[in-house]
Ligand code: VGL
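Take a look at this single chain, the form predicted on its own, given in structure tokens.
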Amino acid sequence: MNAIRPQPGDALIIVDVQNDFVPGGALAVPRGDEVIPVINALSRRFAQVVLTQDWHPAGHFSFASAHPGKQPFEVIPTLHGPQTLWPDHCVQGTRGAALHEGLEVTPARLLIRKGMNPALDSYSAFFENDRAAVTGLGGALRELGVRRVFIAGLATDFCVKFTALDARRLGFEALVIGDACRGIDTQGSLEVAWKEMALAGAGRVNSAEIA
């Protein structure tokens, strides 16, 4: 297989590599810390690198603790579709919300914070979960001449998936780097996520394929 060589019109989007999403964190993704050395090696190959950061106010709507009688991982109906309730995580200004100290952030050109609306969750790097409010990433990438995005980070079946789906929705070519992601995999969500991304036209690659 021919190596994929990042071009000036490519960007690497590194999704939510934060303390709360790695082992020991409030919403730990199994083996989530394993993506860090893979991502660090990848980020040196791209001229355009974007970091995203979950950045919730205390008492956020997506927290199970904000809904009396509800437990983490229960799903409730909302105006914008089903909402999974989470343990309190990535609260603004806390150590849990900080980018993991092992993540090499020097190559990053942009940092996109999301999930700041106290009444609305935000998985995607491009849109909040109402599918209308934008983070500004799409416009920024277009201004930089980006046409293709490579996506890595946490978690495959939530924020990575929705970032990939929205990248395709906005007309970007999208490639998800499988070994640079890890999933939560609640009730089979990981397998479903890969299928949804493929149906949307997002490709799946391995970091070893990227020169």
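All of these numbers come straight from a predicted model, not from anything done at the bench. All residue numbers are counted from 1 along the displayed sequence.
The next section is about a form of this same protein that is not shown, the form predicted in complex with pyrazine-2-carboxylic acid (VGL).
Taking the partner from elsewhere, every residue among L27, W86 and C159 has a non-hydrogen atom within 4.5 angstroms of pyrazine-2-carboxylic acid (VGL) in the predicted complex. Contact annotation: pyrazine-2-carboxylic acid (VGL) lies within 4.5 Å of heavy atoms from the stretch 54 to 62 in the predicted complex, the single such stretch among 144 to 152, 34 to 42, 171 to 179, 54 to 62.
Taking non-hydrogen atoms only, D20 never approaches pyrazine-2-carboxylic acid (VGL) to within 4.5 angstroms in the predicted complex. pyrazine-2-carboxylic acid (VGL) in the predicted complex is not approached by L165, whose heavy atoms all lie more than 4.5 angstroms from it. Remark: Y123 counts among the residues lining pyrazine-2-carboxylic acid (VGL) in the predicted complex, judged by a heavy atom distance of 4.5 Å or less. Within this chain, V49 is remote from the site of pyrazine-2-carboxylic acid (VGL) in the predicted complex, having no heavy atom within 4.5 Å. Annotation for 131 to 149: no interface residues with pyrazine-2-carboxylic acid (VGL) in the predicted complex [heavy atom within 4.5 Å].
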